[in-house]
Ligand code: PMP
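The data below hold one chain only, encoded as structure tokens and taken in the form predicted on its own.
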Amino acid sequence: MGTDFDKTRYEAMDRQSIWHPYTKHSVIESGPLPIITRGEGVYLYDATGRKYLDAISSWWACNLGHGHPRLVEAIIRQTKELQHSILGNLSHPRAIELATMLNDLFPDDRRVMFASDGACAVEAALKIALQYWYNLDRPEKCRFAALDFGYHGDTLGAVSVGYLKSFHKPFESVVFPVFQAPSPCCGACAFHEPGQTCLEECFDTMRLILREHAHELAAVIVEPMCQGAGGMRMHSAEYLRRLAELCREKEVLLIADEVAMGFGRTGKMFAFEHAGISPDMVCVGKSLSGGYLPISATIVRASLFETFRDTPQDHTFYHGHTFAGNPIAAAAAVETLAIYQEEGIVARAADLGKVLAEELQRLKDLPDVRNIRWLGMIGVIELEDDAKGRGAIRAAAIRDRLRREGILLRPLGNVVYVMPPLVTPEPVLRELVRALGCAVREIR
């Protein structure tokens, strides 16, 4: 920052003007928050010049790190050409290019509905599912199934299918009912001791829901392979494969919420690829633009799209957002996907994921740890907890210590996790896990 930046003044303005998302009043009242003024590579810098490793990719979005010159240039170039134009009855080059690039990532023909954030992409998917069956004269198929501990955003439809009591209890009276199956979590399996053969008993409830309620189910929605905000709960590819097969058999749509897990985070371009499936709809966002600008998309099978014709009856999808497919955000996304392809980002993430797994395995004997698990560039240490929330208190203390050491984390209750940029240098990644292990060992 320039020498004329008045840090104290901005701290006071912050307290008097901003409602910080997912931030407790006690945190704000305990002292000024760091004011981040720039980013470079895998680091963020605050107003004092202090450097922080962005170990959660700024809410799981900045997979390519900060200040990537190609992304910055793409944004600047587009701002000089076209800043905004709606996609209702119009189009523009960047939206066309981006939709084509996204379609090319799938083996079948798709159509792309753009939005601004992940929750809006999920809302679109839910509405598409409902209207699809309506278009086919099967309006009775109007219910949804999901996993507990799922999270799909904070708009009301997304909250309904991704209800987390700790986040959403005040809104319970207005969300719609959903068939909910127990969340599978291989790292803390409720059915087997470590080392025993997995028989997928965790799938039994979902199987029962589909068999008994397929006649009224529009879709099942899941976060493939890893449930993010619900505690980084990781399940097997086999669970996902069985779910896709049963949905197809029972004529129920499958929606894959890849907003957090897509674009290389799990070591594949999309997490559902681990199971070798192709969901009916895929929701993406966050790192679609490298995390630089708000843009999301619902990627839909063309066969679903074709039912939305306006003749002989009007089945038009009357849905959209003002900034859906904004040219500047789309330009950032086009350049992001080009970087992924040209620089082999997904393969690089898979290799770094092996390094992360290797380092985490060294921490298996940490005290008062319930479970350590990993998937691609996600590493999780789940702390032992009790009725008094001892694990969550300890996790917060670990977060605070690491922030003083220049590492930014955001635990989920008693779950401490890292999701660093996919371009994190290997030595930095190893040092991150080492620092995390030291903090967990020393803070009891």
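Owing to the predicted nature of the structure, the values given are computational and were not obtained by experimental measurement. One rule holds for the numbers: they count along the sequence shown, beginning at 1.
In what follows, reference is made to the form predicted in complex with the ligand, a form of this protein that is not presented.
Across the options 263-271, 337-345, 322-330, 146-154, residues that bring heavy atoms within 4.5 Å of the ligand in the predicted complex belong to 146-154. Interface residue among Met225, Ala125, Val259, Val161 relative to the ligand in the predicted complex, by the heavy atom within 4.5 Å criterion: Val259.
This chain lacks the partner; the member of Ala119, Leu356, Met206, Val252 within 4.5 angstroms of the ligand in the predicted complex by a non-hydrogen atom is Ala119. Among heavy atoms of Arg110, none comes within 4.5 Å of the ligand in the predicted complex. The shortest heavy atom separation between Lys286 and the ligand in the predicted complex is within 4.5 Å. The ligand in the predicted complex comes within 4.5 Å of no heavy atom belonging to Tyr52. The ligand in the predicted complex is approached by Trp60, whose closest heavy atom lies within 4.5 angstroms of it.
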